[in-house]
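Given next are two forms of a protein chain, the same chain in both, each as structure tokens and marked structure 1 or structure 2.
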Structure 1
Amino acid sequence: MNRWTKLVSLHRTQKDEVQPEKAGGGKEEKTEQKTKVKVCFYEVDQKFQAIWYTLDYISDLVYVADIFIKVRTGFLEQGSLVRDMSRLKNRYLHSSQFFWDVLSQLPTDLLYLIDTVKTPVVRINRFLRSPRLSETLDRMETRTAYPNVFRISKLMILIFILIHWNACLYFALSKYIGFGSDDWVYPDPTDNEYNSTRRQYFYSFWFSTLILSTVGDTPQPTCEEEFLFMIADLLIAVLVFASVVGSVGSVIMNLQDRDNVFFPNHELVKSYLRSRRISKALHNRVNTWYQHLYINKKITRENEILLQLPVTLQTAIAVSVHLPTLSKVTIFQNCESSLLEELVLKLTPQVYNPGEYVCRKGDVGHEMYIIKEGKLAVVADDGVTQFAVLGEGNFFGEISILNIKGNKSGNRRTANIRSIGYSDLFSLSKEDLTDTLCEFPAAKRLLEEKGRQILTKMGMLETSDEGEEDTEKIEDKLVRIESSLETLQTKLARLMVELESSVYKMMIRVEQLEMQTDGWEGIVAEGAGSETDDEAEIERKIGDGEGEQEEEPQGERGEGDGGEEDKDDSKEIKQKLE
């Protein structure tokens, strides 16, 4: 048999048959012996044949089970999941998938019965199932909480399998060329050091790893087969190396991207601070803040991350994350869930360092804050004297943005608020708060009440109750006037349309009547004798005109009383004629 044919068909010879060939040096034809079923490492085959068969047929059972699963797997039709068994069966049986599944499951193992074909190559059709494996891996990747770890593990396993197959080929090739015949092939197994199967496998695996990881340092090949093997391996190695570098690189990029999405980009801020020659103290404050974010996993850009989801999912997630905090806030405790759902998407997480001011007295207020975690103090201008300490579930900063009547400080902050330790806050902008409270007046009243209490304590509320009541009354009136104005505007618009249509109809009617009256001038001149008859005639014609008018569809007429006006006009014309 030709050397190449022998190599490709993976026929293997027994260990003791290798020796004469090795001794014979260039002897081309080897005696074909009883071939092995499974492995290049013959001892493994001899000892574990039962295990090989068992594993093979267990995996065949899994493949068959997979076919049943596929038949029962529903599919989407115009967005609805089809579960009807007869349709599912029909669909699968007529798909190309079914063809490939059957092909992969053909009992090619029966070829083992032919004595000369005892090679694992007969089961090669099982590889047709590999798309299903990659489908499974893809699904697992979308479900796992650690996709990057999963990706790297998958890559490592694939590389491991590749190195393993390559090691097997190397050993088979060494056996074919002759163990120990040169430096490149596997050393002579009769030597005790290289005799054990474990040593054979590890040596081959190591050799294969050297090539595929492009580490090199392998012995120089000496014969054609060795050269070809090395060339093919080195080409594969380039791909393997590239895919390893690429995958690891993309994993690192993903991690960086994730960090950049979760946290503000520290490197960017750092280089900005450097370029602007910011003082060391301020630099340190920024660094401490970043450190706190990273160590305690404080995510300040949640809203940006959630933006990629549909609004309903965003709300559901935000509610489940923030509701525990919001439900601790007194004003929101008895609120409708719809208010909380509306608010929750508008909250922006913020983290403050110890000693940092969240707002200063006299500043214009643009947002209010809800405390998620930490303690803050209402402090005097010296920054030390504390008037009150606010904790988890408290809120502040509402007075300057609520336009409370009688508030002497207007839209200015009434106090300094300073973070005692690290504090996690939610900020809510003036616009968002106003929009939301418009629809939930009860919550607005509560907020204003709390603000008024503080202002009264501080003596910053104008205490003219009457004035307040008056203003409230005026406000109520204004609201009523606004709504009445809107209704009036709508009515006016309708009337204008009706008026236009009536005028148009009137013009047509007058034209018709003019045409009719043209003929009567002669009749009138004929004399008074026929006067009574003419009058009756005119009466009749006008009567006809009115009848027509009555037959007009209501829709065309609109809601206005165009008909009445027409009648009046007809009477007028009649009078004129008389």
Structure 2
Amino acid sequence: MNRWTKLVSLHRTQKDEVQPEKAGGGKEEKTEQKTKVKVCFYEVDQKFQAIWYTLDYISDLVYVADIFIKVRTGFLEQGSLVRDMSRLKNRYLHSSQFFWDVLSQLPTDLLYLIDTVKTPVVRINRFLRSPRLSETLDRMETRTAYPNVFRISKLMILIFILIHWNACLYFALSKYIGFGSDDWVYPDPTDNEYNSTRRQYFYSFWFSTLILSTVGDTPQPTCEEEFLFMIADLLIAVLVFASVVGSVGSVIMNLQDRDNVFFPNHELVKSYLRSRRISKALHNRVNTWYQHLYINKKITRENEILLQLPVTLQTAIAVSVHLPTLSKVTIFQNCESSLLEELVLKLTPQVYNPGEYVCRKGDVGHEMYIIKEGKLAVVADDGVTQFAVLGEGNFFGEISILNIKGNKSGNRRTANIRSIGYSDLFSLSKEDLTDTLCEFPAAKRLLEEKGRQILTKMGMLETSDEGEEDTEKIEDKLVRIESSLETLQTKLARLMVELESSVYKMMIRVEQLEMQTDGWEGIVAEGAGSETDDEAEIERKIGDGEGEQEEEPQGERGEGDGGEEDKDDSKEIKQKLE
């Protein structure tokens, strides 16, 4: 029988069943029958109708509140946050987002008043709020402390919703085809085993999960509708499987990248130890150290992790984490805050195993240590006798990185320091401290003075007459040299200007003399008659500076009186002519 003919016959049968009851006031039952045809799991809708309406309208209130929040949401303009209400309203009301928000809030629920429309499909316009939900989830993912867990949870919820919708479509299609008509559709509800609503939903959900997960065998479809449903579900299943594999793979890669950044590469070190045939005892020490780092989440590569942040944020984080520890060091107390902020970026975390020596007596000191956690013992050369125990907040090795003159130890370690248990230390190298103090000469002098006071109390500072006489610091010498160099450069520039001025004047005088000596041979041949006139002409040209003489700069004439020099030149010419 044709499927459409079957549907018409079913409709007529239902109409005939309702008609006898109509005379006895069965109008409400007719409405209920129409509602049953329009809803997938109609019993759930009928039993909990008040709850569904309450949830629907609570959601509508949340959507309306979101519109008001959106109106008051600021935006960035050229990097500045705009908070002007008039501009915010104008921007939102003229955006496409406002159009979709209003369209999603149209009161389509009024269609419930029509007897022929009794289905939740009338609220389908609420799906236009989906982009807003996606935006909210993205912002939550960036703000949560566990983004990978949030990403997996979001994916599982989306898959659950997809399977739920597919289960509803499967049940509706089974009702359209006919319950129990074949093995593929839902069994006949007249059977008590499949009559309850809970069993109907769970069976449909299970069947939908089998299809979308492509796990297990499903009954063979027999009609066109079943084939089309299976084809669509299998195509969706491919996309779902790809998204699940991709998301889970991305989460695993992120976790591996995090571990590689937080902790050293254990596998690489183990491969090296095996290739070099390191002793088993040393191999166990390395493994124990790695296990301690991983189990207790000890991070030894903090500086590399924070490299992605701007320097200002790196400094702020380092100050909040390490500044209280660094401030406990005696030589750094009362130092300017900018110096401490520079030094906290140089601190390097280090972890020591039980019984491991941090430094030995006589070693050259290249760094100082600050104890963050754990206990260290100052032991004798035999490694057994303990002189003192250092705990959290203590420090050592600060004198060896200052290079103080007169230190009897010569920047060498004066004691053996051994870790009692697992110890977490911060180290500050001599090179990092020196580079930082170059920008803070006053702080450097203050630290050296504190170091001398400590060495004096310990009796480790040598005093000599030569040392007392040599009180001038290298920095002062450099300042004097730089000042002298600047003075010499100024004098040299002045001399160069004067030389250029003198050369310029000399060139002018040479040109004048060349012009004046032109035609002298003819003047001498004419005799003494014209001699007096020529001399007068020469005097006039030289004295007045007329003719083709170039104009001298006014600022340079003061050094050498050009008039007097020209008079001397004229006198020499007269003597030669006579």
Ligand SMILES: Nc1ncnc2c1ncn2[C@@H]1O[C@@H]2COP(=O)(O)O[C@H]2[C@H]1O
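A quick note: this is a predicted structure, and the numbers were derived from the prediction, not measured. By rigid core we mean the largest C-alpha set that fits within 1.5 Å across both forms. The first residue in the sequence of structure 1 is number 1, and each one after it adds one.
The form predicted alone is represented by structure 2; structure 1 is the other form. Relative to the superposed core, Val510 undergoes a Cα shift of 2 Å or more between structure 1 and structure 2. Relative to the superposed core, Thr218 undergoes a Cα shift smaller than 2 Å between structure 1 and structure 2.
Fitting the two forms on the rigid core leaves the C-alpha of Glu500 displaced by at least 2 angstroms between structure 1 and structure 2. In the core-superposed comparison between structure 1 and structure 2, the CA atom of Arg285 travels 2.8 Å. Core-aligned Cα shift between structure 1 and structure 2 at Thr456: this is 9.1 Å.
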